[in-house]
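First comes one chain, alone, set out as structure tokens in the form predicted alone.
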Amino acid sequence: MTVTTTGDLPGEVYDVAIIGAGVVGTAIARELARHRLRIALVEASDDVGNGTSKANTAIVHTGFDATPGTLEARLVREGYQRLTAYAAETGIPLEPLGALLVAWDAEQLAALPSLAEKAVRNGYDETSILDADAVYAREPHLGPGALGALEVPGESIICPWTTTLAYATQAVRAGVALHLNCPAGAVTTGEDHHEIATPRGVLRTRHLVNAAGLYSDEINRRLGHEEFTVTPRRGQLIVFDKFARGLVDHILLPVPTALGKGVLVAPTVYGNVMLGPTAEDLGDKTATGSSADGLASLREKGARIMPELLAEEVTAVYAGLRAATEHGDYQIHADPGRRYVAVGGIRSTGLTASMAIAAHVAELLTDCGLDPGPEREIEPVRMPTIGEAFPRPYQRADLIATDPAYGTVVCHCERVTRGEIRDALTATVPPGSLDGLRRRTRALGGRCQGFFCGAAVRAQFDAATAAQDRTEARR
């Protein structure tokens, strides 16, 4: 197992290198690890899933409203089946709540039958149109004025952080080399391999996959391609306290627009309720801050959807950037001559489609001359339980009897134990920061945002980091 964060890169030539360790890049690494290949997964930041993948609406989509016939429609449909099964296998928190696509005016109500027909064309035939009484029977806390809804029972909520981490963990255990703090620079393509300049040395690979998310267009141009340009689309969200969870039972979606699925109200697998996102096209690929105007806009829309929600306490606000392009479909292209596959324009549905995208990319690499060899079974993984719908360590007397650290609560807001923090810090892919630790355990992510537990969590993190540094120094 190889995870590197510092030092020179090894001098070997990899069979495949993947740039970008978000949910798509890690899924591709996991898929390719099912063959005996030398694979490198290269990430600019200090952790996996540290870009778009960490800040999204965390919904597993059925693909009911995708544009029929597109690559996105097919991969979302396939990915939905794959990810749902994988979540059950690995313990990724997933709750099939179903969604209501709520119509608030006559025009939206009139659009519901065509959306139901589109769902059928996309291979999903479980939708139903509800009248206003049926809508309020399901969601009594909705604001006044709902005229009806399209019910989509297959939509689910998921933990996006655990999903990316599960892919990465399984890939690394199967032999993938994960190189963090390793931004890709200039790419030189020779007759039999690419050379990628990084601050940690040159990485050599016969085949190259570009899964760089917001920066995929820039990597694409370095390979002589200009099929798409990424425009960062900011989505701001508001996370409400767990006391709000009783207000909503479904994912509440608006009728979609050209900019996206619009502002939704949805529970999270951590027991909170989320309102968002905005859809703001920007010119800055680092603009992940929230704005007063954006949050005010969300509250205005939320007041229409569920007025009672706005009376609840806000736990956090955050923003993520989606990799929008000028095209209405995923931009996945292969260049066999350069042994190169670009994976761009992966928008909000990328989490759902991730495993299907990975399988598609593996096929394209074969078309580019990669001989993957026979498939092999890779070691299954079981991820830590951080979802509220499942027994947590502090609730399990059997686990506490075996190891009292699971009965020592450090983060009281989120009920995170010393044992869980220890396990995350010594895992196959450990966090590189307190933010990464929060995504793995929920510590520091509750009502007090670390005010109470911050010192204790940091002390445990610093001690583990120091121990890891000593281990690295002895090598």
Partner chain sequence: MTPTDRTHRTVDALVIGAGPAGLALAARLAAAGVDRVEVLDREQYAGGIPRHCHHTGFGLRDLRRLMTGPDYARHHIAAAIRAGAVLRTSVTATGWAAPRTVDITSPTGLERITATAVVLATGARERPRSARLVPGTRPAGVLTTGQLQQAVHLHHQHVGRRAVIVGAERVGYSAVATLHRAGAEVAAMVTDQPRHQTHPARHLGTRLRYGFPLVTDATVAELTGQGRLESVRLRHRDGRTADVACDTVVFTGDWIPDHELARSAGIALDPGTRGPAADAEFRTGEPGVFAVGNLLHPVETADIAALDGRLAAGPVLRHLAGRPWTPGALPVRVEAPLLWVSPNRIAPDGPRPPRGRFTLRTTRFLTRPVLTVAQDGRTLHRGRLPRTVAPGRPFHMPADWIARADAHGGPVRITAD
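Positions refer to the first chain, counted from 1. Predicted model only: the values in this text are computed from it and were never measured.
FYI, the form predicted together with the partner chain isn't displayed, but the following is about it.
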request  = Would you check, heavy atoms only and a 4.5 Å threshold, whether Tyr86 touches the partner chain in the model of the complex?
outcome  = no
ask   = in the model of the complex, does Ala134 have a heavy atom within 4.5 Å of the partner chain?
value = no
message = Ser291 versus the partner chain, in the model of the complex: is there a non-hydrogen atom within 4.5 Å?
response = yes
request  = Consider Ala467 of the chain shown here, and say whether it contacts the partner chain in the model of the complex, taking contact as heavy atoms within 4.5 Å.
outcome  = no
task = Identify, from the list Arg376, Arg299, His327, Arg138, the residue with a heavy atom within 4.5 Å of the partner chain in the model of the complex.
result = Arg299
task = Go through Glu280, Glu312, Glu388, Glu227 and name the one with a heavy atom inside 4.5 Å of the partner chain in the model of the complex.
result = Glu312
query = Of the listed stretches (398-406, 331-339, 101-109, 200-208), which one has a non-hydrogen atom within 4.5 Å of the partner chain in the model of the complex?
reply = 398-406
Sequence-ordered residues of 417-453 touching the partner chain in the model of the complex, heavy atom within 4.5 Å = Arg438, Arg447, Cys448, Gln449, Gly450, Phe451, Phe452
